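Next up is one chain by itself, shown in structure tokens, the form predicted on its own.
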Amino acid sequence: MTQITTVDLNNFTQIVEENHRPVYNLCYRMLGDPSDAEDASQETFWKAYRNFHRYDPTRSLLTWLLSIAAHHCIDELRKRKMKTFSIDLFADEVLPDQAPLPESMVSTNLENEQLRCLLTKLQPDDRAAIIMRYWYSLSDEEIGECLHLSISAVKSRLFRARKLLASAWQRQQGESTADIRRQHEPQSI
């Protein structure tokens, strides 16, 4: 990855090319709409270009860009007072050579949709912390730098968000199981 302290248009074009996908993915996961994500990622790179003099070359360039993107998306969500979130789980993973069975695809798609719904219940800052941890594998320190939080605040946000997600998931799974049982009960005439 390119590390530079001064930026010219050619260098910055390379930075955009190298980092567009992770920045766009973060914006998409935060905002849930491809068009909004593209706008947000463009705004992220525009802000980075204008403020490149503030970049600390001892930090990861990608972490700095993700920080700008996360703050922009949080601001957008707050402006809209909208609580939506969409993700493509593990979009960067390489798929196995064999196509999955249709039953497993349906099950996986259902679980992904349930997770999307659950994540919409998180506050934007908590959502950003979860995305940075589980989709970008950032450390507590890196998340803290990105979101301007102390390490203990990051740990607290992650703990709270995981707890909310786990209890909502269990509730949702319990409701799904009850629905399936009702569907398979014999009908009385």
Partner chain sequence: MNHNPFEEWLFEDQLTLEERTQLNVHLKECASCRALSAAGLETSRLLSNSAPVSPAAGFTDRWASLATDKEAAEQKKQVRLLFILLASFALLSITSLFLSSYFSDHSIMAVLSNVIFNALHLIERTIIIIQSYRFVLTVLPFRIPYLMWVVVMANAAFWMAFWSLSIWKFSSLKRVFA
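Worth saying up front: this structure is predicted, and the values here are computed from it rather than measured. Residue numbers count along the first chain shown, from 1.
Note that the form predicted in complex with its partner chain isn't included here; everything after this is about it.
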Is residue 130 close enough to touch its partner chain in the model of the complex, meaning at least one heavy atom pair within 4.5 Å? yes
I'd like to know whether residue 126 contacts its partner chain in the model of the complex, with contact meaning heavy atoms within 4.5 angstroms. no
Contact test in the model of the complex: residue 77 vs its partner chain, heavy atoms, 4.5 Å: no
For residue 17, is any heavy atom within 4.5 Å of its partner chain in the model of the complex, or not? yes
Near its partner chain in the model of the complex, with a heavy atom at 4.5 Å or closer, the residues from 151-171 are 155, 159, 162, 163, 165, 166, 167, 169, 170
